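Same chain, two forms, each on its own as structure tokens: structure 1, then structure 2.
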Structure 1
């Protein structure tokens, strides 16, 4: 075999890489499925783990890198002997003897060795191909980065896909348009949809003038100084404040003090407005600031008053930004449970909302209620469908905001 031939080298490297990938993926798969070991699978995985390193060793040797060849084979031998370890282990390793409340099944170690072995031989597979230069290291590093990206995307999309698969069958016209019947076991989620829409709508009506007005004042009128800095910091902190704290505030301030202990859609919307106020204010500020001063000056120079300039020039040209921020804030509000749990929703009985001071049902809270009935009532398919519906609504709202933003970005 002529290793100076680049095609040959490419084939060897790719083969080792593919083998390694197979080993790693098999390892992951065996963790996920809680793989039952059998004698054939042991022998197969023993080979599977050993072969890439054996190949790597031969490869190095042919390239006259004796030391590397030796190391590769040695490493492969150690890893593949670890594959055998679980046979000599008890079926489960009992950590309870050290007070840790878990037992690790022996196949778990086996799977772990597979994953680690696959990643490492994959990392090494292209080194000889690149003549052991720093480009080879780069390829290895890029490979690891690809894996992290893949895992990130996988983790996030897996959640979306799982919900879609399990929830899709439960979504029907009935589900969307019927009342909640017998604790959600039957019927639909119509009142919850309406309740969520009412909450978002009211929140928008309350927060939009407040948030945009505040931002306009801060950017267009207020003079920079220590006071403004304090205000900005306060807004920042409020934005990072956990939503349960908003719930706590909303419950005591709006429900107990303002509405005499009565939960209502208005109290919920007020709480959500407090929650989204910093988001709307900050994003409006950002987009107002991005309007160049020349435009303001040009308008003022034409004899327009400050108010006319703001109304005719500044707000229209920052509208996409304001819109994006507001809609993202509302998307967040639509999915929140903690702040409305104590302010707006009832566990059962709430029908379609009739007045501002009536409690309602909302999708996030309905999902929580259904989860609480798991194992007691037959609510599973309804719960997954509710989760999917909530996901669609929230991601739909966010998607529209992101589309507006990207369009606007491209235009500039």
Structure 2
């Protein structure tokens, strides 16, 4: 194959990739913005990707590459065949026939098809560009990995932007410094802010020594046997248990048995500690395993005891990972509603936290209750503002942990 033919194939492949990327981005944008895509725009977008594959097939046929020509034309034909989707798809897809109380508009499926088609087409476009070698497969795999990474970042970006834009208008000095008035239509969330911070702080105080202690035992002291299997099984079960079950356990054991039926911030923190314990334990365990055995052996050779080695060498070296795991657990705990609604919180009337055995107000439950009032009371602005505050608290916790982690990492 001469140089001119190679350049022609690369030009076609580049056009396919650019059009595929544009179509995929258009589909993702329409999903993110709930853009009501018309059938003509869906058909035009599909044809933008399908037609270049037909040209690629013709090119391969002219080069006497029948198999490659057939595959290119086949994929283009598959894409083209989906233009009939608007003919057979109703305007709204009712999911109640599958016992799901929801409906999905047809333009959502149009957008989803464009995203999937764009990604697959973009992946395949690298094959002819690299003359169907292994390098083309590798570059295509890198492309898929970059797409998944980008979608993950975009998901976080869209959440932050959406909540910030909708919630910023509801943030005011009154909202930050007053209690609830008129069932959330007026007033603020000052007691809920304090209650949330108290709940997170108390949870951290409880779960950190328990999680780190369990991880140290598993890594440094435990030997293979029945006890180790029991501990690991218990951690796995706790990690897979739904939060609502944790809430029922907390209500039965902490509220009813320990605190005589009284909701309290301590009962809520204990419940959240049980919920986040597997996360802290797992991350701490992996962090402890990352410390080289040479460091342990060197410490023992200098005359240190095993506990001194753990305390002075192992734990300080793995502290960045321990902090990361703790923050991940607290980030989950900060947004949990089911456990605390049964053990610690009221929507209103609890006031500013005054003791460990007193009930509190908290932002997650406050947000849930405001959502229940949608359509009955004018609380939408308050709900979005509450969501923004909760997001700021979670992001603040993560940011502070990153700063502390990097500080310890540089020191080590």
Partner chain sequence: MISRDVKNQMARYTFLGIAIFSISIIFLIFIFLFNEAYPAIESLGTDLLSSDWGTRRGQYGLLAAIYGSVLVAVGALVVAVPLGLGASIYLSEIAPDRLRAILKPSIELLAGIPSIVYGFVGAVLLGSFLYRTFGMKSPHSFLAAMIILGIMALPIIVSMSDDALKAVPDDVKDASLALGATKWQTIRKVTIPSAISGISSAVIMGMGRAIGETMAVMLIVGSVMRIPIPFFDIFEGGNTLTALIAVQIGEAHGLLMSVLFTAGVMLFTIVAIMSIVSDILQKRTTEKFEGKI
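Numbering follows the first chain given and starts at 1. Here, rigid core means the biggest group of C-alpha atoms that superpose within 1.5 Å across both forms. Since we're looking at a predicted model, the values are computed, not measured.
Trainee: Pick out the form predicted alone: structure 1 or structure 2.
Mentor: Answer is structure 2, the other one does not fit.
Trainee: Against the rigid core, is the Cα displacement of residue 114 between the two structures at least 2 Å?
Mentor: Yes; residue 114 is a residue whose C-alpha shifts (by 2 Å or more) between the two structures when the cores are overlaid.
Trainee: For residue 364, decide whether the Cα shift between the two structures is 2 Å or greater, given a superposition on the rigid core.
Mentor: No; that C-alpha moves by less than 2 Å between the two structures.
Trainee: Does the distance between the two CA positions of residue 74 reach 2 Å or more between the two structures, the core being superposed?
Mentor: It does, since the residue 74 C-alpha is displaced 2 Å or more between the two structures after the core fit.
Trainee: Keeping the rigid core superposed, can you check how far the CA atom of residue 162 moves between the two structures, in angstrom?
Mentor: For residue 162, the alpha-carbon shift amounts to 2.5 Å.
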